[in-house]
Every structure is written in structure tokens, then in C-alpha cells.
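Next up: just one chain, as C-alpha cells, the form predicted on its own.
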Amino acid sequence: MNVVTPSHPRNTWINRLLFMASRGLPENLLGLLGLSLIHFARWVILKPADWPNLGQGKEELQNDYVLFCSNFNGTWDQYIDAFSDGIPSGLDLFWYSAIKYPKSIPITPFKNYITFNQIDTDYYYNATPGSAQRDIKTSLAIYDQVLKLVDLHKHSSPEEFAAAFRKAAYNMQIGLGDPGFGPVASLATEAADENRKDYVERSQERFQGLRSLRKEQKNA
């Protein structure tokens, strides 16, 4: 998601101060960090002189702007709903200087504001289709556990390794499920799942083929 909102120049310094405070006191962002469907989110202040000239000529701008960029899993509606429910006061602070910002609650004016100022993404690459942020984190945790077991297998007795394996299996079980598709929360979610189903299945087939090839090469 890319959103560009105009900002009163006389109030932009307040937004800059709020961003600095958020970076210095990250505990204030726990509501945002707790939203596991968000992969990445960033707000950037753009002054009129920051806009690139790609041949269109110098821009004559009356306002500063705030660029918001974010990656997330799920649908647009789920994302905005979670944002509004999870950190309503935080959103209102981050868009403090935005012109005609309606506040994050109630949700309908907020969604209309985002829609009006949103720039559609033309190209998007997803390295982990079908997986949410939490799936990726648990997969990395499992990978670390497997590496530890591989190292332990080199110098431990069968009994010691069996005990370590049982302990690791207990710790890893939260991430051993198939990420697949989540329960349908709305018609938009169902449509998004249906639209990306073929792509996800092709990606999983390619991954399975690479894994089989690597296994054959290792056994050759």
C-alpha cells in the first residue's frame, strides 16, 4: 500500500517530532508491532524540494506531504480494520498534520480518506506466497533448531540426541502446521485467496521440485 497525504507546512515539524519520539521510544509502537499481518510499514515526510524531476518540470507545491508505504498479508479491508482497531491513537498521531484527515475512528471516513490518497501498486513481488509474517518467523526458528540438532548429532550419544530431539520437537510444533490459506473472514478475503491460488500452488510445486533435485544431487 502506498498513500500520499498533503500536510500543512506549519504543522509538519510536529509530525517530524512525533516520528522521532516513536523511533526513540519504540515501546509506544507495541500495538503496531503486535499486528502480525504487517510485514513492513514506514512513514516519510516529503518537502516540496524532495520531489524528483523526471522531466515533467519543477513541481509547484503548496504543501508538504507524508508518504506511507506498507506490505501486509490478507485483504485491504482486513488491514485497515486491524490498523484502526489496533492503534487508533497512533494513526491519528502519525497523520497529525494531514489535511482533512478524518481520524481513524469511525472506520468508514478513514477508509474513504485512504482510498482517495492511495496510489495503486503496479508491480509486487512476494517471496513467500501463502505465508504470513508469523509463519516466516516460526520457520526461521525451526531452521535454527534443525541446525542445532545437526551439530549435536555429530558428538552426542543416541540417548542424548533423542532427548534433545524430543525437546526441539516440542519447541518447534507451533510452526509445523501448513500455512496455506486462513479461514474466510470476508468475501474480499475469499476472492483474494481464489485469485492467488494458482500462483501459490505453482510456487509450491517449483519449491518441491527444487527440494527433490537437491535431494537427488546429495544422494548421487
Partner chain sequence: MPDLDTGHLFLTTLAPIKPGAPVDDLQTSHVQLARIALAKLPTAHQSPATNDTKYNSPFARNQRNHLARMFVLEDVVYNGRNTQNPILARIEGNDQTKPQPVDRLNAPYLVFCADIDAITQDGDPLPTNLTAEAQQDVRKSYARKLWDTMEEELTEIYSNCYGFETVKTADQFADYLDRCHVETTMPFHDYYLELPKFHNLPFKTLLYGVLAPLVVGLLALVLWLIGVSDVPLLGWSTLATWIIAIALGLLLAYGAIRFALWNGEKPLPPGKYDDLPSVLKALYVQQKMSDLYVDNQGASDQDLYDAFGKFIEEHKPYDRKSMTQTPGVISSESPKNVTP
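Residue numbers count along the first chain shown, from 1. In this text, rigid core is short for the largest set of C-alphas that superpose within 1.5 Å between two forms. Predicted model, so just to flag it, every value in this text is computed and none were measured.
Keep in mind the form predicted in complex with its partner chain is missing from the figure; the text below concerns it.
Looking at Ser131, you'd find a heavy atom of it within 4.5 angstroms of its partner chain in the predicted complex. Proximity of Trp95 to its partner chain in the predicted complex: non-hydrogen atoms within 4.5 Å are absent; the residue sits far from the partner. In the predicted complex, its partner chain sits within 4.5 Å of a heavy atom belonging to Thr121. When its partner chain is considered in the predicted complex, Ala82 lies well away from it, no heavy atom lying within 4.5 Å. Residues Glu201, Ser203, Gln204, Glu205, Arg206, Phe207, Gln208, Leu210, Arg211, Arg214 of 201 to 220 are found to place at least one heavy atom within 4.5 Å of its partner chain in the predicted complex. Comparing the forms between the shown form and the other one on their rigid core, the Cα displacement of Glu160 stays under 2 Å.
Comparing the forms between the shown form and the other one on their rigid core, the Cα displacement of Lys58 reaches 2 Å or more. Leu18 shows a C-alpha shift below 2 Å between the shown form and the other one [criterion: core-superposed Cα displacement of 2 Å]. CA of Thr115 to CA of Leu54: farther apart by 3 Å or more in the predicted complex than in the shown form.
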